[in-house]
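Below you'll find only one chain, the form predicted alone, shown as structure tokens.
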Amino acid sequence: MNFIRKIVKPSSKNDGSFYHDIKQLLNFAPKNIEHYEKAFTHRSLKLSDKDGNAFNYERLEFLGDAMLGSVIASYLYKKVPKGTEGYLTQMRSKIVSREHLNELGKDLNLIRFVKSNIAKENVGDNIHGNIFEALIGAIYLDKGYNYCKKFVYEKVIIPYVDIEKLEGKITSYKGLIIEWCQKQKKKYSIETYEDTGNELVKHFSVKISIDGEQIAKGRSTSKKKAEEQASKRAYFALQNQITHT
């Protein structure tokens, strides 16, 4: 009986609110609504399809990431004919950064469709970008590349992509600081340690030093976030030196 409950029974929502809402979001009629149901199913439900394969958005996220990168790469190649390979790669990375994808997912309010056994406030910020990519993967499986391209242009490129603004956007303060130190032949070090304090959630604290001098600190619930926070503070502490060298 438990096994039966884990098998996905295709929803009868084709004529219901989910189908209607997805159709409005996409600006076209879905052909196979099950792809979209899968795109918004969290693995915590532990569902399987009729063949026993996991029924959640994770594989669609992988596919959507590739499709999104392909559309963005094609757009940049045509839009910036003089852009070098390095420039185009950097610009694509800015457009499809995790931070930007999370913003896109939030702007589209995709979290409203997610089915999960975990409270939405506890799933983490990256779920917004993950399901955005999964949605693109679902579109590709359902309608093909041209529909994917149309959706990315309507939801990403036209409303959000400004080449001039992107050129000045910093996506990784840590990377920027390290690159600057390397160019200036300065010794860079970052010290990370667990810092729980009196809080229930584990935190990490970071100290950044350049040429033996402590420049900035950061603290967050993940090592990566703490490092980026400290790096951002270090950047602003050294901004005049960095921008004039």
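Worth saying up front: this structure is predicted, and the values here are computed from it rather than measured. Numbering starts at 1 and runs along the sequence shown.
Unshown form predicted together with another copy of the chain; subsequent notes refer to it.
Of the residues D51, E191, E194, E213, just one reaches another copy of the chain in the predicted bound form with a heavy atom at 4.5 Å or closer; this is D51. Taking a 4.5 Å heavy atom cutoff to another copy of the chain in the predicted bound form, the contact residue among I111, L166, V123, L88 is L88. Of the stretches 171-179, 155-163, 112-120, 73-81, only 73-81 has residues with a heavy atom within 4.5 Å of another copy of the chain in the predicted bound form. For L60, a non-hydrogen atom is located within 4.5 Å of another copy of the chain in the predicted bound form, even though that partner is not displayed. Among heavy atoms of R92, some come within 4.5 Å of another copy of the chain in the predicted bound form.
Contact check for A66: a non-hydrogen atom falls within 4.5 Å of another copy of the chain in the predicted bound form.
Among residues of the shown chain, K149 is one whose heavy atoms approach another copy of the chain to within 4.5 Å in the predicted bound form. Shown here without another copy of the chain, the chain has no residue in 99-117 lying with a heavy atom within 4.5 Å of that partner in the predicted bound form.
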